[in-house]
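First, one chain by itself in structure tokens, the form predicted on its own.
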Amino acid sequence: MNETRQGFGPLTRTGMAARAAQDVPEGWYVNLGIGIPTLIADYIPPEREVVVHSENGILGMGPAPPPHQQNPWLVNASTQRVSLRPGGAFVHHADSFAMVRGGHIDLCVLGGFQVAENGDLANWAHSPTETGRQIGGAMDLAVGAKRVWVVMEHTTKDGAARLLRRCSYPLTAAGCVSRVYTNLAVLEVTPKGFVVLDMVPGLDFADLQARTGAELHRA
């Protein structure tokens, strides 16, 4: 990790996406959820065999194209302009979700509001009484993909922890998350809780623990 300033510096949104992209293994079929995860496609080198899936019906999605090569009809699930890698395909929406529900996606990377130490994910609403928000395809992706990674800010804008012993927001899925990438660290979800795999330079373990609502464990 880089992008340090005085003491330590959190990663930017693109920095978080680039860090997660480093860990995607060769040969995996990967769904990228709405928000920061969609940026991961921009950091997968063309020589790497990673097949990116978008729930609106793209298999073999590429990075965001330069402005002069944009196709207004080629967009991802966030309605962002994207490209198609050689060999890529368009599929019906129902077939796209059949890939997800059938367990054919190796990895889904989602954004999140909260992740609990047991892997519970909340990424669609801030309270049980909130109106005007929908859970969408995240529910299918969270339970259908073989693995779920979450990319999100480590704390809220007010400094409240997003990594918790238990989620206080409505759940998207229970026990689905295996790894979390934040602007401060990379954490594995294990039977004993969050295990810290990596931290931004200049940040020590105690500082990270102070910003986390669950006990952290050293790798």
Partner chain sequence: MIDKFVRSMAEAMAGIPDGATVMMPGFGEVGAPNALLEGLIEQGATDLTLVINSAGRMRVPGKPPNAVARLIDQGRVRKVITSFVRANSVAGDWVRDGRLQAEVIPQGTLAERIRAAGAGIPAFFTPTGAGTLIAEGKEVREYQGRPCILEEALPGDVALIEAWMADRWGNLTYRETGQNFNPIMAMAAKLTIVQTHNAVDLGMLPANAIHTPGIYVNRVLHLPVGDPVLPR
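Note that the structure is a prediction, hence the values are computed from the model and not measured. Residue numbers count along the first chain shown, from 1.
One more form of this protein should be noted, the form predicted together with the partner chain, which is absent from this view; the next part is about it.
Interface membership of N118, the partner chain in the predicted bound form, 4.5 Å heavy atom rule:
Taking the distances in the predicted bound form, the answer for N118 is no, it never comes within 4.5 Å of the partner chain.
N76: heavy atom within 4.5 Å of the partner chain in the predicted bound form?
Within the cut-off, so yes.
Would you check, heavy atoms only and a 4.5 Å threshold, whether P170 touches the partner chain in the predicted bound form?
It does: once the partner chain is placed as it appears in the predicted bound form, P170 has a heavy atom within 4.5 Å of it.
Is there a heavy atom of D106 no more than 4.5 Å from a heavy atom of the partner chain in the predicted bound form?
Taking the distances in the predicted bound form, the answer for D106 is no, it never comes within 4.5 Å of the partner chain.
Heavy atom of each of I58, V91 and G136 within 4.5 Å of the partner chain in the predicted bound form
Every residue of the spot touches the partner chain in the predicted bound form.
Which of 185-193, 154-162, 45-53, 65-73 lines the interface with the partner chain in the predicted bound form (heavy atom within 4.5 Å):
Only one stretch passes the 4.5 Å heavy-atom test: 65-73.
Under the 4.5 Å heavy atom criterion, name the residues of 198-214 that approach the partner chain in the predicted bound form, in sequence order.
If the 4.5 Å heavy-atom criterion is applied to the partner chain in the predicted bound form, 198-214 yields nothing.
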